[in-house]
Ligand code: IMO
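Shown below, as structure tokens, is a lone chain in the form predicted alone; questions about how it binds or moves come after it.
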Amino acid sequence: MNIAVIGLQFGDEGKGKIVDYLAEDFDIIARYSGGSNAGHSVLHNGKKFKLHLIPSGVLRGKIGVLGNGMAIDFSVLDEEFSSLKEEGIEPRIKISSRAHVVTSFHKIMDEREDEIIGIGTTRRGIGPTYETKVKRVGIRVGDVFDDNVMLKRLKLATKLWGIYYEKEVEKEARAIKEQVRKFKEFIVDTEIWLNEAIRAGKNVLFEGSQAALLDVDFGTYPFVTSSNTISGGMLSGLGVPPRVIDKIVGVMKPYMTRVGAGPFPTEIFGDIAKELRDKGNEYGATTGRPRRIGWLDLPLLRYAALVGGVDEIALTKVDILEGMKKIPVAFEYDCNGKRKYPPLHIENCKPIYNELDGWESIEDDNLWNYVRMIEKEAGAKVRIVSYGASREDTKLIG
């Protein structure tokens, strides 16, 4: 069986833990989008690991695929790879020859563009890397070993940005080549390798980055990431056909968070927000920025489950809301009339709340009433409930 795992909110739903929890039954963990702008925190053998590029399944000894849909910063990959080896973990990875390479120029442009646009990116160079990709002046991993191609593309990209300096371009080309050379043995045509593995009967867990509400097409544009993060993104991001997906699991929290700018209808402030932020350790794994906090938004959840084609749900961090007497949930929007799904522009929509009874523990009936409510509204069964950081703090249902 091949399963895709995607986020159903604005990211930070706990996908890393869920992928790690499920990985035991899979041979390959394949990631299809994003770059070092995404981060997964996973507890393994009592130690917390923060992974940005390498799929979290490698902690269980699985093969991790960095697909063609990714934007790879090899300096970050080198740090991550080395840190795992220092902990006695030998990462088994395959890197797509068609993935695009993040350069120092991309990071410069990310910072400049974000100062103008004000989206609040991680400034890791991911957006500009996708820009050069669609402008057809990007550098793919497999291009790095052709000096003429790499220099030509770097010159074109920097000229388009107006930051062209020949000596700096040549210096950057040498640095990139040196970084990528360290990983040459892992570089393959992953679309061929992965399809052949599936045909040979290997089980694949497809790992998404960010979340559905940050998808470049279906998220809260323009406050989105630069790739397709819904389950459909894995098709182009890995070069596999739709028929290989047997199940899609959506990951969500019983409340919501968001990092950076953008509309957030159910956002809350003050002491309650601070309490939930601190209790849930809601600080970015990539940036360390405090996350914005909000109540569960069912119009957005219904939409994310719809466009993501979700079959099952993994509900994480239910322990964070323990002890609350009442929990507000936005069931509809008031946007000059009630709406079940969000409109194109949600900035002026007012959430319509119902209050549900809170719970004291994983055994509390009120928690399972909340679970059944989510199942009804999202149209998908909740199969996994997580109530802590470790693998053991996880309940599989059915």
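Keep in mind that what you see is a predicted model, and the values were worked out from it rather than measured. In case it trips you up, residue 1 is the first one in the sequence shown, and so on.
We do not show the form predicted together with this ligand, though everything after this point is about it.
The three marked residues, Gly120, Arg123 and Gly260, each reach this ligand in the model of the complex, with a heavy atom inside 4.5 Å. Checking 223 to 231, 69 to 77, 86 to 94, 189 to 197 against this ligand in the model of the complex, the stretch whose residues place heavy atoms within 4.5 Å of it is 223 to 231.
Residue contact check for Leu214: one or more of its heavy atoms lie within 4.5 Å of this ligand in the model of the complex. With a 4.5 Å cutoff on heavy atoms, Leu53 does not count as touching this ligand in the model of the complex; it lies far away. None of the heavy atoms of Gly358 is located within 4.5 Å of this ligand in the model of the complex. Although the partner is absent here, Ala38 is a contact residue: one of its heavy atoms lies within 4.5 angstroms of this ligand in the model of the complex.
Among the residues Lys326, Arg289, Lys171, Arg181, the one placing a heavy atom within 4.5 Å of this ligand in the model of the complex is Arg289.
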